[in-house]
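Okay, so here's just one chain, in structure tokens, the form predicted alone.
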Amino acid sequence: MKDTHILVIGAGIGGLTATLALQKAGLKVSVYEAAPQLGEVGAGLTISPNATHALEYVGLGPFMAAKGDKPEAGAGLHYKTGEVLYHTQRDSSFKQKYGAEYYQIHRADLHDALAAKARERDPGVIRVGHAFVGLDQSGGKVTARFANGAAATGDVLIGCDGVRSVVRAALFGAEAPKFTGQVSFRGMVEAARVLEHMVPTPSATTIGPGRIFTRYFVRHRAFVNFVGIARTDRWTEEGWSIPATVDEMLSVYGDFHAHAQAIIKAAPPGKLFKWALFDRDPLAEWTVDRVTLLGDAAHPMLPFLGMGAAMGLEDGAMLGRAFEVASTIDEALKRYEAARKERTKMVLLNSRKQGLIYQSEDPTSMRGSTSGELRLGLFDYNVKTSAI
């Protein structure tokens, strides 16, 4: 197994976590990224304790401790009054409860750290400008083909290429993801401009009919990241970073309480974006011979449980563990899929349900409740100790 060469398609957070976990297992890894250079969007990311376990497993525990923000308290708020409907936490005692911290971090900072760690172990591990177009399998080998005319052959191929995965289409046929009728806005503002509006808790999700608005600190309280998700029947564009305007977002959130509106209004020109939310049904299987899927390529999820990135991080760590304990490639891939498929299916389906709960016509129905991830016990999962 130590001579196994693994091709990873996609250098996002999930793909790079898998790379580090496979390197940790002593395997040769080559990562192929379609973009001409590595980079991530200017957005925040929540790293719940189950995801922190995965990052610690691949060696990023010290980085997260140094760069992550630990939420001191969080709550769900009523969209009109700002009333606290429920608390997600009243202190930062996550490590005591779950064995790992809860962090908030700039997505680009985490992505950079993952890439740097992978290159530290192998300077040539990542190849950019390689858009995957197809694959062939024969004789226990997999050959990936790229739009630039290049090809690469390895023993295993892992598709980490997102919700519109070309690897998934190559395995199971092309099927476009479904538009969910949801649009999401995201922005980031200097914290000094909106500190008075980060009340009554430093982290919060404001809940309204058909809409939610979430905000929290990143980069050691230097910035506030905010995200709004709203039902809509008007959407014609696709993309992750489509420019939006403050007026456009306020047309959706104009009846939210003054603190939420003030944070939206503080968004600098050109720093507010929107994207459509797409969904896929769970796959019956992820693996065909020596090719399998990971992260959004296998199980794209709606963001209502905040678990999309976390599931990719868990996948990556568990894939590495599977190769560490297995005697053969086929055994490793079977162990990986068996360990991950039911958990990710559960989270995917419950993310849909949580959206209906959060966006109900009566936000007061959440009074005295809690967040979906706490209700479902999602933080209890630990990639270091879970069965593989």
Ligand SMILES: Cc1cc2nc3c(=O)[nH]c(=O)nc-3n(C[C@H](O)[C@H](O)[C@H](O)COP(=O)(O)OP(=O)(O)OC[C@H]3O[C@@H](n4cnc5c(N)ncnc54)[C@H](O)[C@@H]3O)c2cc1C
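Residue positions are given as counts along the sequence shown, with the first one as 1. Because the structure is predicted, anything quoted here is derived from the model rather than measured.
Just so you know, the form predicted together with the ligand exists too; it's not on screen, but the next bit is about it.
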Legend entry - Residues Gly10, Ser184 and Trp275 all lining the ligand in the model of the complex, heavy atom within 4.5 Å: yes
Inset, instruction - Using a 4.5 Å heavy atom cut-off, indicate which stretch of 244-252, 301-309, 80-88, 192-200 touches the ligand in the model of the complex. - result: 301-309
Legend entry - Single option in Leu348, Leu45, Leu27, Leu60 placed near the ligand in the model of the complex, where near means a heavy atom within 4.5 Å: Leu45
Inset, instruction - Answer with one of Lys271, Arg280, Arg107, Arg221: the residue that has a non-hydrogen atom within 4.5 Å of the ligand in the model of the complex. - result: Arg107
Inset, instruction - Give a yes/no on whether Ala267 approaches the ligand to within 4.5 Å in the model of the complex, heavy atoms considered. - result: no
Inset, instruction - Please run the contact check for Glu40 against the ligand in the model of the complex: heavy atoms, 4.5 angstroms, yes or no? - result: yes
Inset, instruction - Although the ligand is absent from this view, report whether Tyr32 comes within 4.5 Å of it in the model of the complex, heavy atoms only. - result: yes
Inset, instruction - Examine Gly316 and determine whether its closest non-hydrogen atom to the ligand in the model of the complex is within 4.5 angstroms. - result: no
Inset, instruction - Scan 157-173 and note down the residues that get a heavy atom within 4.5 Å of the ligand in the model of the complex; none is a fine answer too. - result: Cys160, Asp161, Gly162, Val166
